[in-house]
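Below, in C-alpha cells: the form predicted on its own, a single chain.
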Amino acid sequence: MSVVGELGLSEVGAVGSDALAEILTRTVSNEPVAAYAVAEPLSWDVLQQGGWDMLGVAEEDGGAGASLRDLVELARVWGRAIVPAPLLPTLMAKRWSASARECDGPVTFSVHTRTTGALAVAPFADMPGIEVLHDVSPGGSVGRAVVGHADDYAPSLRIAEVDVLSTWSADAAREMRVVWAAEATGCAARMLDDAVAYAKDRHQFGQPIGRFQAIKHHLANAHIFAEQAETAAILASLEPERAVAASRFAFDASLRVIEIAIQVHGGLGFTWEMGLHMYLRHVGALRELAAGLPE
C-alpha cells in the first residue's frame, strides 16, 4: 500500500495507485502474462469511464491534479502487470494538451528510435480510434496517423510505425521519460517478487532452491538493483536537472533485475508459457522509446 507523504507522494498518488492495483488484480490476477499480453483484457472504456485518463491533468482543467511524483507511483503499478492498454500515453498526452483532453478515446504520440529506419514509431498506434498528438505541448494538436509496419517485439506496447513525428516541449519529454522509467521499475519489482516466490517453491536435491547460496546472492543483488531503480525514478520526478541521468539508471537497473529473475527460473524462464521475456522486451522497448525523446 502506498503511503501519503512518502518522498513527496500526495493523496492522489497514494489512493490512485492502490485503486489501480486493485483493478489490475481483478483483471489479470493469476493469469500468465504471455496469455494476456497479446489480447485485450482491459478495455479502454473501463479506463476512460473511471477517469483514469484525466488523473494527471490540473484541477482547473478538470483533472485530479496528480504531480509527476504521483504519476511515478501509478506507472510503477501499471508496470507490474504490463496490460496492453494505452493508459500511460493517454494520461500524459492529456496532461500536456488541451486538444488531447477533448478526445474521448485514447491518445498516443510518436518518437524517432535508433533501432528502426522509420521516421517515427508510436505505442498503441494501431489501436482502433486512437489519435496521435502531433505537438506534445499545451497548444498541441491531435489527428489520425497513417500506420505502417507493426513491431511485435514487445506485444504489450503495440508499437508501430507512423507517418507523423511528434514534436516535444522540453518539460513534456522530461516527464514522459520519467514515467516510462518508473513503469520499467514496476516491471522489475514484479519480476523480483516472482523470482523470490519461485525460489521458495522450486525444489532441487530435496530442498527449495532459495536455500542455495548462489540463488540467495542472485536475489540479494536483484533486490538491491530494484531498490536503486525505484529510488532513481523517484529522484528523477523530484529533481528535473537530474531526470535524464536518473531515468537512464532506472532503466538499466530494471533490466538487470529482470535478467537475474529469468536466470533464477532456470530453463523455465526462457519458455514462452512463463512469459518472463515479455517483461524483458517491454522494458527494453520502453528504454528505446525514451532514448528517442529530446533531452
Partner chain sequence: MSTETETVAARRANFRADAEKWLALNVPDEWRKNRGALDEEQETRIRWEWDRQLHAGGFAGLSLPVEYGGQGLGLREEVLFGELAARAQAPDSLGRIGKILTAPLLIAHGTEQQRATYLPAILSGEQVWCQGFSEPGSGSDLASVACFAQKVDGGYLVRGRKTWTSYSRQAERCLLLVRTDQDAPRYKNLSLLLLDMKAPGVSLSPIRQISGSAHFSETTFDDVFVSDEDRVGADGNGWAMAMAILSSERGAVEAVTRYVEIRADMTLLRDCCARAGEAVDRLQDLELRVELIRWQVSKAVAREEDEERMLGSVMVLKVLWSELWQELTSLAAKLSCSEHRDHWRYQYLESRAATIYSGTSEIQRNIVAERVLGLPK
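For clarity, every value in this text was computed on a predicted model and none was experimentally measured. Positions refer to the first chain, counted from 1.
What follows is about the form predicted together with its partner chain, which we do not show.
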Of the residues L268, A35, V46, A58, which one places a heavy atom within 4.5 Å of its partner chain in the model of the complex? L268
Please pick, from H134, H223, R101, R202, the one residue with any non-hydrogen atom lying within 4.5 angstroms of its partner chain in the model of the complex. R202
Which one, 75-83, 123-131, 175-183, 151-159, holds residues whose non-hydrogen atoms are within 4.5 Å of its partner chain in the model of the complex? 151-159
Contact at D18, T25 and R69 by its partner chain in the model of the complex, all three, heavy atom at most 4.5 Å: no
Look up in the model of the complex whether A232 has a non-hydrogen atom within 4.5 angstroms of its partner chain, and give yes or no. no
Please tell me whether any heavy atom belonging to V146 falls inside 4.5 Å of a heavy atom of its partner chain, as the geometry stands in the model of the complex. no
Within a 4.5 Å heavy atom cut-off, is Q228 in contact with its partner chain in the model of the complex? no
With a 4.5 Å heavy atom cut-off, would you call A214 a contact of its partner chain in the model of the complex? yes
Restricting to 249-266, the residues within 4.5 Å of its partner chain in the model of the complex through any heavy atom are D252, L255, R256, E259, I262, Q263, G266
